[in-house]
Every structure is written in C-alpha cells, then in structure tokens.
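Only one chain is included here, represented as structure tokens and corresponding to the form predicted on its own.
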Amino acid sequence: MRPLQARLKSIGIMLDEDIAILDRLQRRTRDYPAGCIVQREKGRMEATRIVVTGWAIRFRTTPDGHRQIVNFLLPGDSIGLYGALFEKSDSGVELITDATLAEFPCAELMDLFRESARLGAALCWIGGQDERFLEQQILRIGALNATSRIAHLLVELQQRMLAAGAAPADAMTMPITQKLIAEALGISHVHANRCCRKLEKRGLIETGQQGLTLLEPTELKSICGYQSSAGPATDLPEASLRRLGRSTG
C-alpha cells in the first residue's frame, strides 16, 4: 500500500472504491534527485504532488539569506495540496534524498471532491494534520530546550513514518543531518552537534554522515514529554464518520 493510502486508511472511512480513485490520482509519477527544488518560494503552484518515496523539507528564506525549515515532508505527505485555491506558495520545497513524487494538476483535486465526499474529507484531514505538525514545531521552538527540541522532532518523525506504513525498523533511521536539525529548530549547527553528542553518549541515538538512527525512542519521549497529535479516526466526530461512511460521493 502506498504511504498516502496507509495514512488515510487509519481514519476508518475509506472504502475500496476510494482507494481506487486515489490510486488513479497517483498513477503519474516522476523521479527526482536529492537537492532538487520542486516548489519555489513565491512560485506558482501548477501541480499537486504526493511523496511516494524519499524525504523533503519545506522552508522559508529571510531577506538576509537565513533558511528556516518549517517542516519535513515524508512519504505520504503532500506538496501543493491546496494549489487549486492558492495561486502561489509562500514556502519552498527541496528534496533531501532522491525521491519519487506522484504529480497531477491541482484542478483534478476539485474533481475528486465531487466524485467522493469521503476521499475529499480524508484529504482535508491530511491538511488538518499538517497544521498540527506546525503547532508541534511552534511548541518545540517556543517551550523546549535544545536537547528536548531534538528529541521531540525525532520522535515525531518516527511516529509519522509509522503512520505512513513504514516498518518499525525503517522508521528508526532518518536521512537528516545535524545541519538540517539546526535549521529546523532555530539553533546553531555547533549547538545541534553538541546536543546530538549528548543524546548519543546516553545511547539514545546514533549519528552518521548520512543521517541518524533512533535507538531508544521511548526514552526520547520521556526527555521531551512528547504527546502524539495524530490520533487517527478519533480526529473526526463519530457522527461525521457515520455520515461519510454512508456517503456515495
């Protein structure tokens, strides 16, 4: 099952016909190399993309050239989900690994909403989850110390990988460097290195040139007080689930 389908299946309203529509929507894929910018800041959103494989970052750049990573994009995440509603994107998206993206015109999403109310609601749920990830980012930067920020980010990324159908072992390994961690968490590269070494000495993570591996995610959770924001089916009221379950689209 593709990562997006795995994420949406957890909501509990998807039928086989909805999965078929989603498969049709993602039939056109394209491979991109690491480092490719697939969406430019202030650029037109001409296509909606779904990450099938690989990782990316969503970022904003300040006038003095500083880059702030707003979010990491994992398999099952979208780029330009609301391209039919907004002409331009405020943020840019850069691939940090080789990736395969499903691509389709933004206008096709509007047709999808007409064809299946359930699938339309499910994709709106994806948008709501994106907002929750941004809330977690604000919490990290505004309320946690640097070491706890890193632990919180790593646990969230692991939970998101599991939700997208990754095997538990695969969800422990992440292609993110200390430089990317620094850009995401508002700390210097030197400080990120110092905090990662602290976590590594405690046997909680293992770092390398290509990324890092979580060794003790439960302990990382206790360090930062992580609470998941991605409860699946319970995010939709029970009455809404019943109505959508009966809907024929």
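Note that the structure is predicted; figures quoted are calculated from it, not measured. When you see a residue number, it is the position in the sequence shown, counting from 1.
Although it is not shown, the form predicted in complex with the DNA is what the next lines describe.
Engineer: Can you pick the one in T53, N193, T29, Q68 that has a heavy atom within 4.5 Å of the DNA in the predicted bound form?
Structural biologist: Of the listed residues, the single hit is N193.
Engineer: Quick one: of Q178, Q136, Q129, Q158, which gets a non-hydrogen atom within 4.5 angstroms of the DNA in the predicted bound form?
Structural biologist: The residue from Q178, Q136, Q129, Q158 that makes the contact is Q178.
Engineer: Any chance H189 has a heavy atom within 4.5 Å of the DNA in the predicted bound form?
Structural biologist: The answer is yes: H189 has a heavy atom within 4.5 Å of the DNA.
Engineer: Could you tell me if R197 has a non-hydrogen atom within 4.5 Å of the DNA in the predicted bound form?
Structural biologist: Flag for R197 set to yes.
Engineer: Closest heavy atom of I79 to the DNA in the predicted bound form, within 4.5 Å or not?
Structural biologist: I79: no, not in contact with the DNA in the predicted bound form.
Engineer: Hey, in the predicted bound form, is A146 touching the DNA, heavy atoms inside 4.5 Å?
Structural biologist: Result yes; A146 sits at the interface with the DNA in the predicted bound form.
Engineer: Looking at 53 to 61, 215 to 223, 180 to 188, 40 to 48, which stretch has residues with any non-hydrogen atom within 4.5 Å of the DNA in the predicted bound form?
Structural biologist: Result of the contact check: 180 to 188.
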